[in-house]
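Okay, so here's just one chain, in structure tokens, the form predicted on its own.
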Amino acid sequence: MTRILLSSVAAAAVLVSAQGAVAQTEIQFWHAMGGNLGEAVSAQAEGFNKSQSEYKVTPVYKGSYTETLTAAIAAFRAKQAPHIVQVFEVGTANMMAAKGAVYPVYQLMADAKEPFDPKAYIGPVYGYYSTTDGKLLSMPFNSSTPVLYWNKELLSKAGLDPNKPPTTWPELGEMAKKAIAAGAKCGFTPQWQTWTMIENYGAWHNLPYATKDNGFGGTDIELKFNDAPRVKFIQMLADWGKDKTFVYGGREGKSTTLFNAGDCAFHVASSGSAAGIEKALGADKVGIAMMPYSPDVIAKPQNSIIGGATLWVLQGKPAAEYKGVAKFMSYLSSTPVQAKWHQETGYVPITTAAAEATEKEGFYKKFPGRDVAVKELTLNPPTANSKGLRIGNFVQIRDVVDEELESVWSGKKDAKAALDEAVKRGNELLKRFEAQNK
């Protein structure tokens, strides 16, 4: 009798466990973070899953940013889309134009009755992904901005102060040439050249990228980045390339390999690369400072603009499942989670509270320079030229700019011819986007 009773109890326990497993709602989260960053994303999902029992977030790596966006679009058309997809910032205008595909975050949080305070987020991050009247469309996730990294050992070998970085481009050029003379293989290499050397150079110097507030004022816009200051700047870099003061290391983040190998004295790259760079060279051998500026263009820099990606919620799922999505968004924005993400990766903390908590913990004293990204973004109140870019077909336009810049680095074109052609080709893509989204 006792055996029968115990067997019944065991069977009931298994049944309850099985029912609990079935009752748990799965939330699909597609992302583009590989390697260490992918592990950090998985840890966030695991932390949320352990914090409650109703929902289970399943992160799925879908390749590069472009591959992830392409996969999500195809899945949505096949009615097999995930709940959440990570989309890089250049895809913002395209996502906004995807009628019926997106569940705006501000609406999601209201419908789910999930607490949500727009003022909790850092202004430049929140503003980039919001409507003109301040309604958040996608949840900020891995936000970054370009910063200047330098190799202290290479500066010391050149007889330079390893703790005193350049503040202007002319200063960087002089220091890079001295590093080359002292044996460095490369003076300076930039990461994501379209983002750092064209887009952020413009914001940093209060120059327009496009008309109508860089696209925030409408889709009928024209590109303006072939201005005299950027033509002069790109030509300067091309001239530096003759003696390796400037070295082109490839598109996107490929050039970081050169810096991490100890070849280059200076590197303008995403703040989100900080952890990887410090791991490669040693935190005590790397300096982080604000980007240089051109004193003949502006007396003091304006502010930088963000890169990285946000989380977009896609339509088509049962209403009950979106409550779990909203709770996951709240979890990701919570101070402990954001502070840990910021500290482990170098991405900007998306909330003021997370930045303050990190400072109170003494993190910035232990890792000098890791607060530079926030300082750059908030250096001055943003202008129409420096609040961000809202450009249609931006992925394709960046490819065009990459191609034209590469023609400069290879000596096939001068800077003016290349930037003029980039603007011409880019404007054709903008007209196509406008026609498709009227």
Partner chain sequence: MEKRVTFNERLLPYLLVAPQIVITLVFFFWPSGQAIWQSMLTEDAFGGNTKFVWFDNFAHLFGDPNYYASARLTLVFSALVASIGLAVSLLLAVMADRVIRGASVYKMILVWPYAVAPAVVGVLFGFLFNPSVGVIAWMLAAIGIEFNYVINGNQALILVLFAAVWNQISYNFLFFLAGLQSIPKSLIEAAAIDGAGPGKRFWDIAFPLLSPTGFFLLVINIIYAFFGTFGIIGSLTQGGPGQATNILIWKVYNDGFRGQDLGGSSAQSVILMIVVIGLTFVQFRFIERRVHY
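Residue numbers count along the first chain shown, from 1. Here the structure is a predicted model, which is why all the values come from computation and not from measurement.
Unshown form predicted together with the partner chain; subsequent notes refer to it.
- In the predicted bound form, Ala283 stays away from the partner chain, with no heavy atom inside 4.5 Å.
- Although the partner is absent here, Ile298 lies well away from the partner chain in the predicted bound form, with no heavy atom inside 4.5 Å.
- Among heavy atoms of Ala261, some come within 4.5 Å of the partner chain in the predicted bound form.
- Using a 4.5 angstroms limit between non-hydrogen atoms, Asn94 touches the partner chain in the predicted bound form.
- Highlighted residues Phe88, Glu403 and Arg425: every one comes within 4.5 Å of the partner chain in the predicted bound form, counting any heavy atom.
- The listed set Phe367, Trp240, Trp169, Tyr248 contains one residue whose heavy atoms approach the partner chain in the predicted bound form to within 4.5 Å, identified as Tyr248.
- Listed residues Ala98, Ala355, Ala289, Leu136 were compared with the partner chain in the predicted bound form; Ala98 is the one with a heavy atom within 4.5 Å.
- Across the options 367-375, 381-389, 48-56, 395-403, residues that bring heavy atoms within 4.5 Å of the partner chain in the predicted bound form belong to 395-403.
- Along 59-74, these residues reach a heavy atom to within 4.5 Å of the partner chain in the predicted bound form: Thr66, Glu67, Leu69, Thr70, Ala72, Ile73.
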